[in-house]
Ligand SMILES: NC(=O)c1ccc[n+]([C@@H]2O[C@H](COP(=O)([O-])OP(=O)(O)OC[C@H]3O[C@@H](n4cnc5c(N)ncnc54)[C@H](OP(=O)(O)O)[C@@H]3O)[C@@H](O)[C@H]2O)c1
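Consider the single chain below, provided in structure tokens and representing the form predicted alone.
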């Protein structure tokens, strides 16, 4: 299937490793030009080099703290200057820490809002007007299945990522006439370094219908499809990648 991504320009945030890297690589393999960022400059350059070597595609890499609106604006401007347009934007950031409400400080709440919600708002603020001028766009957020069903011990994720879901649903209506499709992707248990380091991977897999967690590439496949020409009537959705695990 031709996904129509050749020569599209895609921003993928927090893409030095894990889900962000898998999405960036998947888009590059379909012919998209990339702009990737991460807080760690050395790591994002390594990721860019690996993608260039694998795909032979253009990759612009920048160190960016997505909780800083000035840095996000500068990054978006750099991408626009380099490529002349922005067709796809995937917002992504590390998840907030495991906490119950009693163990969560007000500072924890502030940091989680900055990381999970405001970082998405910043990209939307600077990217959506560019997409509107071209009357084409795909804006994707990466959150968690906690959006679909609260998970014990994840009060920050349950609350703030649900706010991202509300933002996605609202923006999808406001930008529908501009041919800008806006969706939220909800990873379930996926074989990222964060999950592997938790130390209970075998116990988790024993409870899942398929008996295993997803690979980052399996998660990225949905993002690549939703970013494509073929996903032309899907917008305002929160879609789980969790292989028959019930979250709603």
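Numbering follows the first chain given and starts at 1. This is a predicted model, so every value here is computed, not measured.
Just so you know, the form predicted in complex with the named molecule exists too; it's not on screen, but the next bit is about it.
Undergrad: Contact between residue 95 and the named molecule in the predicted bound form at 4.5 Å, heavy atoms?
TA: The answer is yes: residue 95 has a heavy atom within 4.5 Å of the named molecule.
Undergrad: Counting only non-hydrogen atoms and a 4.5 angstroms cut-off, does residue 38 reach the named molecule in the predicted bound form?
TA: Contact with the named molecule, yes.
Undergrad: Determine whether any heavy atom of residue 143 comes within 4.5 Å of a heavy atom of the named molecule in the predicted bound form, and answer yes or no.
TA: Yes, residue 143 lies within 4.5 Å of the named molecule in the predicted bound form.
Undergrad: I'd like to know whether residue 57 contacts the named molecule in the predicted bound form, with contact meaning heavy atoms within 4.5 angstroms.
TA: No, residue 57 is distant from the partner.
Undergrad: Of 132 to 140, 101 to 109, 87 to 95, 174 to 182, which is the one stretch near the named molecule in the predicted bound form, taking non-hydrogen atoms within 4.5 angstroms as near?
TA: Residues of 87 to 95 come within 4.5 Å of the partner.
Undergrad: Is it true that 14, 18 and 192 each have at least one non-hydrogen atom within 4.5 Å of the named molecule in the predicted bound form?
TA: The answer is yes; 14, 18 and 192 each reach the named molecule.
Undergrad: May I ask you to choose, among 61, 222, 64, 51, the residue with a heavy atom within 4.5 Å of the named molecule in the predicted bound form?
TA: Among 61, 222, 64, 51, a heavy atom within 4.5 Å of the named molecule in the predicted bound form occurs only for 64.
Undergrad: Among the candidate residues 124, 147, 168, 115, which is the single one with a non-hydrogen atom no more than 4.5 Å from the named molecule in the predicted bound form?
TA: Here the answer is residue option 115.
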